[in-house]
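Let's start with one chain on its own, the form predicted alone, as structure tokens.
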């Protein structure tokens, strides 16, 4: 256990150095594998183990013993079938092979734009959620309430089991204790509108037919997605995770006028509070690199595709770069070829600091990787990506005072109450109840918004 604690101190040091604008002792190996992949590695029945996530612990433990990573190799899952099944989800359904699939299902109709713009949270609860989740049958309020209660209990139970396993592995193997989703999690306003409200086809038509309403909807949704991402505590070592979806499929002029403004405003407002964002640029963002440069210093940017030398040249002195190493190499190349490729990425991205080694994406199947190649790559990074100038300043330094943003307006809805509103209606309630009652309000808000992500 002493060795694990010593290793954890080293890992905390190298991660904190990256986040504190210092050259670390070595590049952190920042990888994890999904619930599905580790279940397949353990020979588990995927359908069964998704209904009982505790069954995966032994497989996780074995994977931790085999594959080197500075962060817990087990990334868990955001999606389990229990709460989706209880709510009769249309947007996330479990396939016969056990995988959770996301069909193209529209929750918002074109004629809903005006109501969404006027009362976004009301529109979400009254119209969009019931279309995506058939258990929200407003004509059967008692069963609707029972289904919602069961689903949120299932959601909390699955996440608690996942968190317990990760905590055990962090303690046992001395991983860096910062969890991937321990900060905030949200979406860009445009992506929130596109993903499960209008769908890919719907939003693509809306951009051309009613761009002014799309822009107004992004502004209306902004307070919701901003609040959704707020972490419970602000730290230089935490972040808000934001996967970015629609931008690569858009014309740059539409991106510049419809997608970018509300997203940039959100990241700037977080920065003004001292909150960092960790964004995942899905697909190829090469044509948007100049936009990304304008994000607050030390934005943590994970790339799926792109030229590592160009990305480092344009962004490497200001932002923390992650991702890019192609996961498919672990299946299609020899062990030596994978190791050599890892060195090429390190040579391009590590100089000057501000770099965490990671893959371009997670594998979908365990068969998508050769375990020997995975081990060879992570061990190569650990041993090869060592700095000779540890402790020196790494690029630009973040200062929250550099970012000024108009504070996000409060959510106004008959379905959401602040403590002040609750107290006004219930003056007999002692102030001692403030933290608990407001916390319960936030739990419900976060769950409803999660269901549309």
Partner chain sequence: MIDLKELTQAVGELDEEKVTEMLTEFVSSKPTEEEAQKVVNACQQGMGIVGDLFEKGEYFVGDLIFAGELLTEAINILKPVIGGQSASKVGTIVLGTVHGDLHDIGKNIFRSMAEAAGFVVHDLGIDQPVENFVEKVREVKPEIVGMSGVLTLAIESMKDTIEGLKKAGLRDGVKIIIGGNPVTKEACEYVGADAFTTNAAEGVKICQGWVK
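Note that the structure is predicted; figures quoted are calculated from it, not measured. Numbering follows the first chain given and starts at 1.
A second form of this protein, the form predicted in complex with the partner chain, is not displayed here; the remarks below concern that form.
Each of 96, 101 and 287 is positioned with at least one heavy atom within 4.5 Å of the partner chain in the model of the complex. Just one of 256, 230, 117, 328 comes within 4.5 Å of the partner chain in the model of the complex, counting any heavy atom, and that one is 328.
Think of it this way: in the model of the complex, the partner chain has a heavy atom of just one of 382, 314, 150, 361 within 4.5 Å, and the residue is 361. Within this chain, residue 293 is remote from the site of the partner chain in the model of the complex, having no heavy atom within 4.5 Å. When the partner chain is considered in the model of the complex, residue 200 lines it closely, a heavy atom lying within 4.5 Å.
In the model of the complex, no heavy atom of residue 139 sits within 4.5 Å of the partner chain. Remark: residue 283 counts among the residues lining the partner chain in the model of the complex, judged by a heavy atom distance of 4.5 Å or less. Only one listed stretch (72-80, 169-177, 331-339, 317-325) carries heavy atoms within 4.5 Å of the partner chain in the model of the complex, and that stretch is 331-339. The partner is not shown here, but in the model of the complex the stretch 183-217 reaches within 4.5 angstroms of the partner chain through a heavy atom at 200, 201, 204, 205, 208, 209.
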